[in-house]
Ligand SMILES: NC(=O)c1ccc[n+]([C@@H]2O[C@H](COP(=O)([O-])OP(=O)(O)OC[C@H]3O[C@@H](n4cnc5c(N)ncnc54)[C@H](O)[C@@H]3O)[C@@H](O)[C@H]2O)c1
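The chain that follows stands alone, in the form predicted alone, written as structure tokens.
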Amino acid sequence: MPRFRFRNFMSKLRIGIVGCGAIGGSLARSIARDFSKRAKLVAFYDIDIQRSRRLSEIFSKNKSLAVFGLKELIKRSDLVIEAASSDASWEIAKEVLAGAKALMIMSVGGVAAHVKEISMLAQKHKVGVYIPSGALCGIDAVKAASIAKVKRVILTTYKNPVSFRGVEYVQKQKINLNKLKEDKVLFFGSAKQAVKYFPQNINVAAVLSMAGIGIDKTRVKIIASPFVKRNIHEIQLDSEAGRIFSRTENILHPDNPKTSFLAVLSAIAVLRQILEPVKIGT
């Protein structure tokens, strides 16, 4: 965990959430239910103000948690959780860190190409940045192995064809997703390209590349499979420390089928690491 400590750490950690959809809502409920003794919700912001108001109604009768701008949310918070979109996460990250507030990033694909900038901003303003493992197991081993020399890292993702509907990259290939009778490789290339072409589907590639050998060297294979109902992610890593293979079969989030349930739970686990004195795992 980062060496930087939150201001007023002995009091309740003030948390603001940017993005009030299924993920932001799930995290808000968990914070209120599981961490009420050590943390409190202080602000919600969404470009759709009705979303933030609806979420605020659950936790505040007068909707006082809904704010009209990111600056106000940053001002109220010790920790900002970004749960908006890959298109917005980098701009949100810059503004939060410039405001000297800690940050948890859910839309990792939007910041994967800005690791150095994020690190510099965090060090400059003496705050921590937290990136959950998301829908992947084995990130702890990838981080450890990467201290030694890593020869290769390959991520293979299997998803049901319905998950790729509306993806422009797939549409340009003129693939009829409804008629697939066997596995179809939609993409094989760098994590950098994968994040660009599949921004809503492949946050895991961004997390893996940040934990390992970088967005240019990490290889990603994306497969549309009519035989799977769960999102499946396999990691293969060869290093001087040994060979690693992991497979994660994800259940879809009950409120958002585009997101794996584990991705939300991993953010809750990171929050627990922040709030509890004993840290377990790499």
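All residue numbers refer to positions in the sequence shown, first residue = 1. These numbers were taken from a predicted model, which means no experiment stands behind them.
Only in words, not in the display: the form predicted in complex with the named molecule, which the text now covers.
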| property | result |
| --- | --- |
| Listed residue (Ala141, Val115, Ala88, Val150) with a non-hydrogen atom within 4.5 angstroms of the named molecule in the predicted bound form | Ala88 |
| Thr248, Ser56, Asn256, Ser30 - the one with a heavy atom within 4.5 Å of the named molecule in the predicted bound form | Asn256 |
| Heavy atom of Ala22 within 4.5 Å of the named molecule in the predicted bound form | yes |
| 4.5 Å heavy atom contact, Gly134 and the named molecule in the predicted bound form | yes |
| Contact label in the predicted bound form: Asp216 to the named molecule, heavy atom within 4.5 Å | no |
| Partner proximity in the predicted bound form: Glu240 to the named molecule, non-hydrogen atom cutoff 4.5 Å | no |
| Location of the named molecule contact in the predicted bound form, chosen stretch of 224 to 232, 33 to 41, 47 to 55, 60 to 68 [non-hydrogen atom, 4.5 Å] | 47 to 55 |
| Residues of stretch 71 to 85 in contact with the named molecule in the predicted bound form (4.5 Å, non-hydrogen atom) | Ala83, Ala84, Ser85 |
